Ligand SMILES: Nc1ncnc2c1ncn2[C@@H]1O[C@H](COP(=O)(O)OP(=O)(O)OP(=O)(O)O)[C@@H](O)[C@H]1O
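Only one chain is included here, represented as structure tokens and corresponding to the form predicted alone.
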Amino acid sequence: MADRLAAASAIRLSNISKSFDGVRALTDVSIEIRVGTVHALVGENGAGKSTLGKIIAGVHQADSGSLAFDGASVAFASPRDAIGHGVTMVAQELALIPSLSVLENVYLGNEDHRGPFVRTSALRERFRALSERTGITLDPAATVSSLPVADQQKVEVLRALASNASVIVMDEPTARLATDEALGLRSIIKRLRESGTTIVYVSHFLEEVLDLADDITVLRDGELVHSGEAAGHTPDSLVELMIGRALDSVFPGKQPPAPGAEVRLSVAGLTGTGFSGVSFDVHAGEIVAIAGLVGSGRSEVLRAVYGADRSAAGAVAVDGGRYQRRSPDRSVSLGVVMLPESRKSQGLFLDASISDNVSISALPQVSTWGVVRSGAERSLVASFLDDVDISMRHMGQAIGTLSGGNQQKALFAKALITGPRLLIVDEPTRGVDVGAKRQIYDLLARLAAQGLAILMVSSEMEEVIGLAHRVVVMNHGQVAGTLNHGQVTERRIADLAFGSAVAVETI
């Protein structure tokens, strides 16, 4: 690494400013990115880190300031222009063509031709050589839509390298990946760095940043706060730079459920697509997390309990009463509500207002004969928006204009407005920055302390350990073990998830 740390500058950004519709996203930002390093851009949602990455990759053009590569000034008019200079981007939202094969996606627009015909055999040879060089192994004939998200992310990386990119901007590349998948991508990034590729890494996962980065730039409200070597930084020091104050701790203290707390949810022998024989209980005032690798059946169990998917066998009881013929509507009527894994595709209407998104769960409370009483709606929604502490201009603005953290908090308000007794949450802080994460953690802890039963799935090991009173660990669709308070450790969860330990019985 010493040679890399002494390397000449690859990219110099000087006094970069950028606005969108009159809102300043970046103000006078100057940084230097060294060749053959991983340079992380961190900050809260809305800090400008993705905007800066997109300016480097030609997706956006700066309003003022300059960009230089190896001492020569450049001005990218488009991503294609940037690719011509060896710069490409792996965006947070994957830009693949699902119906095409891995091979076709990797070399799209960069094919070998003989006359009007693509030389598929030549592409296969190029793909084989690329796989050997990077260590990324995929079936070139596989259709992209058939791949898990982690493998689709690998296709994006291969496509970037197939364009002979020497600089890759990665915008939240692990936001949609489980812990084991994220570790695999980290290994790939380290190999790319060793081969001399420069990585501009945008992420809100601070442990990940500290594991990968040679240098870190911290942005706050579009302004440069710090830029320098990663050595010596800790998650706490980065958080303090990002938000301008120290966090007392990452997670709130756990308040155990009251002795003899009633069982709000009882699941016995539940079987469905991707899981079988699953049993567990959730008590009032308790947070129970379901952990396991991607594909272990975690989210499928949540959806079956809620009634979003059908189950083939087993029993579910809510507040002691057997719950058959489950459906989302019936669940809500019984006080069971669910926050889905993807707020954008499953939870929110992004073009609708904040108020409409939240109140849609409580229309009977704010309408008469099918007509919404606007005053009642505003009053009810405002109280729940205050409760989850959303930062917004006004409740009439489109919810898609909010940061990821505020969108997620609005999703909580939408759920809580129904007055639930059991809250089911799939990935409670996915795509949320560190400041908003702490607010959501505080909210979950407060709700549990008030007696709400919470069942959650999280791919972040720290989140599971920091929040849950009990952890149900799944392996290949079955419960490998249940860890009670005092038993929950990263090692025990990992052992059960990977099938390397004897199941721990509930005590």
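A residue's number is simply how far along the shown sequence it sits, counting from 1. All values derive from a computational prediction rather than experimental measurement. Here, rigid core means the biggest group of C-alpha atoms that superpose within 1.5 Å across both forms.
In what follows, reference is made to the form predicted in complex with the ligand, a form of this protein that is not presented.
- The shortest heavy atom separation between I56 and the ligand in the predicted bound form exceeds 4.5 Å.
- Proximity of N406 to the ligand in the predicted bound form: non-hydrogen atoms within 4.5 Å are present.
- Not displayed here, the ligand is approached by R393 to within 4.5 Å at the level of heavy atoms in the predicted bound form.
- Contact annotation: E181 falls outside 4.5 Å of the ligand in the predicted bound form, judged by heavy atom distances.
- Shown here without its partner, the chain carries G285, Y441 and E462, none of which come within 4.5 Å of the ligand in the predicted bound form through any heavy atom.
- Contact with the ligand, judged by heavy atoms within 4.5 Å in the predicted bound form, is confined among 398-406, 307-315, 70-78, 330-338 to 398-406.
- Think of it this way: in the predicted bound form, the ligand has a heavy atom of just one of K154, H204, K414, R303 within 4.5 Å, and the residue is H204.
- Of the residues given (T37, N475, S458, T51), T51 alone sits with a heavy atom within 4.5 Å of the ligand in the predicted bound form.
- Once you line up the core between this form and the one not shown, the Cα of L52 ends up 2 Å or more from where it was.
- With the core superposed, R24 shows a C-alpha displacement of at least 2 Å between this form and the one not shown.
- Superposition of the core reveals a Cα shift of 2 Å or more for G222 between this form and the one not shown.
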